[in-house]
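Only one chain is shown below, in structure tokens, and it's the form predicted on its own.
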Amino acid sequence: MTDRNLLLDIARHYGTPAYVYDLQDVRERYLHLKEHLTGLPADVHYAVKANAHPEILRTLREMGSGADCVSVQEVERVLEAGFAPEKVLYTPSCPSEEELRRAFELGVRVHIGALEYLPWVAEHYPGRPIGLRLNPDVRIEGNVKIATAHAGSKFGIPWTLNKDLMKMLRKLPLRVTGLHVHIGSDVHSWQDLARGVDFLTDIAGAFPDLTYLDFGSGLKVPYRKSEREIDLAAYADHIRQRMKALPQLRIVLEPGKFLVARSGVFLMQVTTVKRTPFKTFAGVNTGFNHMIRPMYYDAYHAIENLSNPGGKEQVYDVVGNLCEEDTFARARRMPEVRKGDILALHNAGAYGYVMASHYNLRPLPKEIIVDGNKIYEA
């Protein structure tokens, strides 16, 4: 969303801090992905953890998307939003037996990511179709905090234990209809994602009841002007080539950030401009309790001065109002920032509000929806 005057109007009317989501951009991103999947037996399941706002869920459901959930609470929310249980995948990390039982009772497809759960599943839900999340020990470039398929990761059944897994499947009344792998998030190279595709297509023949392969997601989102989106065309062509030998199987992709990051803007107001002999701070009325990505992931987000776009450029550290190190940007060059200015942090539609907290007992930000000419708080 780039309409500066619209964002300023929203800030004046609804106040700040506030997340603003453009539903039309979400639709465009979904269609962009589906266009590249033409000719593939592909199902898109939106990764709900990226942004669980009911209006975004409704929009994607209407576009035909399924849902990818990592908690029972997410499962319940997408079912409330109208998703059919058969279009919901549940791939939890370290779930309790109560959580697994609830997911099975709700009728969604469950992915198991540890050998230790399989005897329990076989005892309580014998013959029920399940998926297996596997860990192929694939290392990728990028932030280690969002790399999820290497040997040291907690995610998935290590393929080094494949003999134990196959022995268990021969002994227990388990019916594996899906295999899942997720290499990581914000993967820069389609070739890295292709390693997950190759892994699953190579081993698919060992599972006679398979109906689908789930390649996860990780599709790169550009945060800087110098960055480029992942080469979707090349990635999709690679999947087509690999699936020629498996025409009976469907594939699943689980995009989250790719569909919603660009749709979101986080609005904040400057409360103070503090100058020291070492640097100038632009202090704002929010903090990492509302947008944690810059602090937790060292993530870069473009920040725009909506109120003074023509001001003389200066260098600022944009900092939050928490009683802790709390920085949105360091040494960021931008038009002169003044007390009261409205700043827009872009690409904020994913892993923003969903990771927010009441730290320092501060209230959560508002969420504003823009859908064509309709603007409303929801």
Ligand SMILES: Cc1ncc(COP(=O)(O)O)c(C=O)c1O
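All of these numbers come straight from a predicted model, not from anything done at the bench. When you see a residue number, it is the position in the sequence shown, counting from 1.
One more form of this protein exists, namely the form predicted together with the named molecule; it is left out here, but the text below deals with it.
Per the 4.5 Å heavy atom criterion, the named molecule in the model of the complex is contacted by stretch 214-222, the sole one of 272-280, 196-204, 214-222, 76-84.
With the partner removed from view, the residue among Arg262, His180, Arg109, His301 that has a non-hydrogen atom within 4.5 Å of the named molecule in the model of the complex turns out to be His180. Site annotation in the model of the complex: the residue of Asn289, Asn305, Asn135, Ser185 reaching within 4.5 Å of the named molecule with a heavy atom is Ser185. Judged against the named molecule in the model of the complex with a 4.5 angstroms heavy atom cut-off, the residues His36, Asp231 and Ala236 are out of contact without exception. Residue contact with the named molecule in the model of the complex: Arg61 places no heavy atom within 4.5 Å of it.
Not displayed here, the named molecule is approached by Lys49 to within 4.5 Å at the level of heavy atoms in the model of the complex.
For the chain shown alone, Lys257 is a contact residue for the named molecule in the model of the complex, at least one non-hydrogen atom being within 4.5 angstroms. In the model of the complex, the named molecule lies farther than 4.5 Å from every heavy atom of Tyr316. The single residue of 69-107 lying near the named molecule in the model of the complex is Thr91, the criterion being any heavy atom within 4.5 Å.
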